Ligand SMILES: Cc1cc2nc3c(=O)[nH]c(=O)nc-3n(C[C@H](O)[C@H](O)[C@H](O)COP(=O)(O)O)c2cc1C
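Shown next as structure tokens: one chain only, the form predicted on its own.
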Amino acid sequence: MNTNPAHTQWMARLGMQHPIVQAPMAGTSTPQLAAAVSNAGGLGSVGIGAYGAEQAEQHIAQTHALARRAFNVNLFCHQTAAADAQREAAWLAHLAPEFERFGAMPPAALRSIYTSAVGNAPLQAMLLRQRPQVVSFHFGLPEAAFIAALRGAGITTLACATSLEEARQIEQAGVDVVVAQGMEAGGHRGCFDPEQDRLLSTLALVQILVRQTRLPVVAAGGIMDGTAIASALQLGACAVQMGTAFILCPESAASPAYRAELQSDKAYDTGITAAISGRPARGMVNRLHLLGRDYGPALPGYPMVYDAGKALHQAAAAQGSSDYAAHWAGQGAPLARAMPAADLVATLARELAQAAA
């Protein structure tokens, strides 16, 4: 069990009563979910990677109004992919028969629908103005000046690593805490460069980072109950990050179709694909997973692929089909429980205490 005071000081500073971080889950997490988790003694999170600065500020302000404790705001720090008209046209041609199934036309071209936080002056200025107690990074790191500005504002920083190399970059950048994301985790892989992803398990990655870095380590991937939390802490993690476990909470934005699939046999079949967004992500296997497996040429970049995937999902959803939905879920998906977030945090804390006794 991790009892290193230096590794738990950040949690004490934030007033966390339980070593539980609710994963940001952009598009699924809500201010209500984040606030409920934080108010119950964990650390709730909101993901704003899919929003512009104005909408993100509204999201954060709403969470501030609901949360009595600290919460985390997560940023996408991807390197913006260069446009490649030939790749984009080829991918759209591959998807054209799928659009035809629903009497729809594919987009004429693909857009970069999500803006990175890297070099994003309006977004960065907004965050420093709103001053959430915690800011976390996914897909990489922002520039050093922004990390320094966050530190100067008294904001705790977390960053996702899928390898020792990434964790060392995070440590050198002056980030406070590293989130060790194993390949079991649902949603997007946080790897800085998808081509270098080693697909390490949570168990292996946590042990490596605990031994090879000086940072507090938060374990993420496949953790669904208090017994698993206890195991992660025994390996040296100071806390865990859980996403799939919170999807069935009524406070999440998960659609009825998403909830139904997570409570069906589909939860047993998750896979990692880049065919939904352009970056590897784990979710319940759907037609886009299969279309990606059959596709030979290189995919367009992130988030251009997402533009196509969302358009196809919209066309299908209008006719009652969720075959193309981004229903992200980790390998522990069959263990998800439907209960209010505060009850889930209390249940996890009770299970953890029993496992640690």
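Numbers for residues come from their place in the sequence shown, where the first is 1. Quick caveat: nothing in here was measured; it's all calculated off a predicted structure.
Same protein, other form: the form predicted in complex with the named molecule, not shown, and the subject of what follows.
- Interface membership of T273, defined by any non-hydrogen atom within 4.5 Å of the named molecule in the model of the complex, is ruled out.
- Among heavy atoms of I223, some come within 4.5 Å of the named molecule in the model of the complex.
- By the criterion of a heavy atom within 4.5 Å, D176 is excluded from the residues contacting the named molecule in the model of the complex.
- Although the partner is absent here, M25 lies within 4.5 Å of the named molecule in the model of the complex, judged by heavy atoms.
- The contact residue chosen from E166, E184, E261, E251 relative to the named molecule in the model of the complex is E184, the criterion being a non-hydrogen atom within 4.5 angstroms.
- Out of the listed residues N74, T156, Q124, S116, N74 is the one that sits within 4.5 Å of the named molecule in the model of the complex by at least one heavy atom.
- Remark: of stretches 140-148, 206-214, 191-199, 239-247, the one touching the named molecule in the model of the complex is 239-247 (heavy atom within 4.5 Å).
- Along 144-169, no residue reaches a heavy atom to within 4.5 Å of the named molecule in the model of the complex.
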